[in-house]
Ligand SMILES: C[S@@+](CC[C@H](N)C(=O)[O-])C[C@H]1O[C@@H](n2cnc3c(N)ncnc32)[C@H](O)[C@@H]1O
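First comes one chain, alone, set out as structure tokens in the form predicted on its own.
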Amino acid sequence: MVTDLTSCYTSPAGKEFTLLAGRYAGISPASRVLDIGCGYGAGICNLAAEFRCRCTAVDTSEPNLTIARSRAEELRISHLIDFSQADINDIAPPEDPYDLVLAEGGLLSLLGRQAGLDISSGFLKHRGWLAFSDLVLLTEERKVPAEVLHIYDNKYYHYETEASYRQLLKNAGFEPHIITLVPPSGWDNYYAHMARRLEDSEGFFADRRVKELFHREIDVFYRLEGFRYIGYLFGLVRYEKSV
């Protein structure tokens, strides 16, 4: 069931999860937050608007950043966010580490999960927080229909299960505080947003190949009841620097 017709998140983990991370982590105007792949800026803008924290948002795509900057200006929070076009792999950790790092929308899988966790920890202060959301398998890979595995490109990403993700986090020095699967409504909100974007006549979603890909993904997810096999994991974890 669609519960948020205004959702503009490009992942099933929406605004409520970003704000949950901010509240649980005790983010305040004195806090520093880094979004290591901000996309259209929904997550970092929600944090800045809610907590008035000092934010840095990085993305490799200038068109994405143009949209993100426009969103920040509309919300009158552009003075709180420093947007930068860059590859997070090329940025050296700062002398003054961050209180919270955002890695939403499957970014850790895009970076390579181990590499993404290493990058995130490098930007965090001792006992700083990482908030992430990522695709996971809900069952053994052999039990997932081939069409579902294919549409989500499992051959390339080799998705974790919740259990293996927890172990990966532990091995990387992160202490889980909240680990939960996004409810079905999150998927409905996400695909409703995608369906609206597929009506775009310009920009990324205007491309015929993009439209075809997302139409197929939506079809596979609902026709084959993808929610039985594919989940979206939200995590808020704390980094413990080794002494």
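Keep in mind that this is a model prediction, so the values were computed, not measured. One-based numbering along the sequence shown.
The form predicted in complex with the named molecule exists for this protein as well; it is not shown, and the discussion that follows is about that form.
J.: So, in the predicted bound form, is N89 in contact with the named molecule at a 4.5 angstroms heavy atom limit?
T.: N89: yes, in contact with the named molecule in the predicted bound form.
J.: How about T60 - does it come within 4.5 Å of the named molecule in the predicted bound form, if we only consider non-hydrogen atoms?
T.: Contact with the named molecule, yes.
J.: Any chance F234 has a heavy atom within 4.5 Å of the named molecule in the predicted bound form?
T.: Although the named molecule is absent here, F234 would stay clear of it in the predicted bound form, with no heavy atoms inside 4.5 Å.
J.: Might L100 be said to contact the named molecule in the predicted bound form, defining contact as any heavy atom within 4.5 Å?
T.: The answer is no: L100 has no heavy atom within 4.5 Å of the named molecule.
J.: Looking at heavy atoms inside 4.5 Å, which stretch does the named molecule contact in the predicted bound form, given the options 155-163, 137-145, 168-176, 105-113?
T.: Flagged stretch: 105-113.
J.: Please determine whether each residue of C45, T56 and S78 possesses a non-hydrogen atom within 4.5 angstroms of the named molecule in the predicted bound form.
T.: No, none of the three is in contact.
J.: Go through 5-29 residue by residue and record those having a heavy atom within 4.5 Å of the named molecule in the predicted bound form; state none if no residue qualifies.
T.: Contacting residues: Y9, T10, S11.
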